[in-house]
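What follows is one chain in structure tokens, specifically the form predicted alone.
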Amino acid sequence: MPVTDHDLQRLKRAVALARKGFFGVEPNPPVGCVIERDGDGIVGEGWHADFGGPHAEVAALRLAAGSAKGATAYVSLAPCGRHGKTPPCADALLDAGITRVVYAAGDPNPDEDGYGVERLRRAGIAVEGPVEGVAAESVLARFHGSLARTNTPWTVCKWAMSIDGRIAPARGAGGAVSGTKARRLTHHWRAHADAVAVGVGTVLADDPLLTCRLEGGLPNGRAPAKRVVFDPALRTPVDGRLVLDATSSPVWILGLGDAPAERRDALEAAGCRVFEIPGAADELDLAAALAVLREHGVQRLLVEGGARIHGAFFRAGLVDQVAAFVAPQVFGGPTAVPAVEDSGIASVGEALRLEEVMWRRIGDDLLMQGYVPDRA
């Protein structure tokens, strides 16, 4: 059955839905799905909203319920056929009784290699695609780039700051900068990250737990994120909250090989896992550190501070995405701590300008999110 103008309009809608997944699904691809049945019109829509959460087809099928039987599914990306963090979408479409699938872009992931499409065709489903002219490739641009590098996680740097760009009135001052709704959203992000990381300076100053404390707990099937400390000299206190809680969810400490052996032994005895990372002059090789995390299953890394570790990530060119809460406060003063310290940027001309920038209000705060350009 040839693709019609009506099909193109539905695919454009699926691509628009896919964009709703920006800033939530990386390094997975953003995907949208529209389900339509002759005589009934659109009976379900959905998009992939959260890393590790339901895919677009599943979200749309849930909304369509029994109306999906005999319907057409329009998807911005070819349905997956292999089991990853979630079951295959091809199976969900088959189980729902979908009889036709039209998709905009093929899946560039070599692990998929058209398996879902072939699975549908073998089951007798009419499948058309890929279909050009609906801007699906532009939505997938960053996903293509992330596939080219499998040695580092997708890295999000997140912070909360005053309107004068400070994260605290002084080092070690503590206290929440953002409001309740912003903090709740941060816990949601922790729930969908593979690892949450800070520098040892934040551990020493704030004594954080780095756990996800959502009402109702973690989403079904989600394991607690690993809690990671970038700690060259292994200064993480064994009597701090993070280490004392190491038996409830993993705590990984990334330190230099020449860090004191007694500190390594104490941390390991307390239940932490200590990784030896190359580096020099009390500074870790962050690229090597991220390679270790990726090797141990971390696809999505949320770096929550502080200023020095954020600066080190920007200097090393290892940031994919930025999420910054701006609170209606002014700190000022000579001791106030900047959000990013020593990024290596010395002039306005060298400034890193984010792409696909989105602003939205979260309670009394503003959230700015954007992608770092050309991070492949």
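The first residue of the sequence shown is number 1, and the count goes up from there. Not measured: the values here are computed from a predicted model.
Beyond the structure shown, there is the form predicted together with a small molecule, which is absent from this document and is the topic of what follows.
When contacts are defined as a non-hydrogen atom within 4.5 Å, all of A205, F230 and G306 contact the small molecule in the predicted bound form. For V292, no non-hydrogen atom is located within 4.5 Å of the small molecule in the predicted bound form, even though that partner is not displayed. Proximity of A170 to the small molecule in the predicted bound form falls within the 4.5 Å heavy atom cutoff. Interface membership of R235, defined by any non-hydrogen atom within 4.5 Å of the small molecule in the predicted bound form, is confirmed. When contacts are judged by a 4.5 Å heavy atom cut-off, P88 does not count as touching the small molecule in the predicted bound form. Taking a 4.5 Å heavy atom cutoff to the small molecule in the predicted bound form, the contact residue among L242, V134, L267, V177 is V177. Though the small molecule is absent from this view, in the predicted bound form it lies within 4.5 Å of a heavy atom of just one residue from C212, V196, V200, A182, which is V200. Listed stretches are 44-52, 312-320, 28-36, 65-73; the contact stretch with the small molecule in the predicted bound form is 312-320, by a heavy atom cutoff of 4.5 Å.
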